[in-house]
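For reference, the chain that follows is the form predicted alone, supplied as structure tokens.
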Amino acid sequence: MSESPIYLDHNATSPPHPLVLEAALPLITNHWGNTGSAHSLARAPHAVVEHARGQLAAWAGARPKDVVFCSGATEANNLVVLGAEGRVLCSATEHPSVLEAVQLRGGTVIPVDCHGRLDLACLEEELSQGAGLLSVLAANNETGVLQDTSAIYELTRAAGVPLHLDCAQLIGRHAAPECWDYMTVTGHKAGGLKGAGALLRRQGQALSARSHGGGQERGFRAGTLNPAPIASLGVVATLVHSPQVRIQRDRLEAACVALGAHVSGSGAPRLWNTCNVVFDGIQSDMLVVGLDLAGVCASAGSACASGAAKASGVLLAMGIQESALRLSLGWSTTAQDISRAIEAIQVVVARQRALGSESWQG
């Protein structure tokens, strides 16, 4: 019997955590009532949703009534960015759900340094010209680079501009940032189910509905709630990555460096589960295909851009012209997985170099 695939694409989505399944399955099999109904079959799922609301608020340092459940982080990002008044700002390494929304609004994209961190001098200059919102990806989904959210918040607070943090990659892995006005989360990157996300807002911050017709979530987001993924999001808010994840990531990264790889964002603090590496002269798409054939699931960047024949906007903003291999670990990753992955990477990289793989062209 062949061995099961090694999964190193947790930043795209992760397998459901056992505690998530324990909480979510009864909401699919037994307690399937509509949370908006008044009868007995609606009480259990309604109670679970409110419990998850409390769990999420506790992680974020917010109040339960500050939580607006959505279908995912993309909807939550659109809700705050498209609903903001005035000029909107974001960094050049944002997730497309923010970057494209800001561009749609005619907003301003602020550059990052070579490590992927927001240029604070440029930010301060833009804030001095007035703005209605700054949106920042707290932990980058491709490189794992962590922004200095405290320093950013000092600038936005002084300018009177609300700060929105996209924390889709943080929850379940890292403590929540303390300084924010709006926050976006989803659970499926760290063991939750796909189909739920949330936007949190501090007391007094404005929010305009983008969907209408149901009155759910205090009128901020119409549509029937999905209790099972929402319950899983609450569970993820209580999880913390094992220190072993970082140990195994560092081991994997060191093996790639030994093969001549360059680590994207290595000069900045990063999530301890993410490894983004560039092998000069080798197309990352070829590495992904080769690794897949060897039983290792990885990616060439954001899953939202899969199949797109273009360079990563995140890496280009950092001044990196080559394509990269993203390896992201999670709660289910084992030391044996990493040993097998290292062996596969060594073989695939050697094969590609022997074939004389041409430099990747965007």
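Quick note: we count residues from 1 along the sequence shown, nothing fancier. Predicted model, so just to flag it, every value in this text is computed and none were measured.
There is another form of the same protein, the form predicted together with a small molecule; it is not shown, and what comes next is about it.
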Next on the checklist: Within 4.5 Å, heavy atoms only: does residue 190 come near the small molecule in the predicted complex?
Outcome noted: no
Checklist entry - Hey, in the predicted complex, is residue 97 touching the small molecule, heavy atoms inside 4.5 Å? => result yes
Item to check | Interface membership of residue 74, the small molecule in the predicted complex, 4.5 Å heavy atom rule | outcome: yes
Next on the checklist: Considering non-hydrogen atoms and a 4.5 Å limit, does the small molecule approach residue 84 in the predicted complex?
Outcome noted: no
Item to check | Of 88, 168, 80, 271, the one that lies within 4.5 Å of the small molecule in the predicted complex (heavy atoms) | outcome: 168
Item to check | Contact residue in the predicted complex, chosen from 232, 264, 135, 141 - any heavy atom within 4.5 Å of the small molecule | outcome: 141
Checklist entry - Picking from 99 to 107, 160 to 168, 272 to 280, 233 to 241, which part of the chain touches the small molecule in the predicted complex when contact means heavy atoms within 4.5 Å? => result 160 to 168
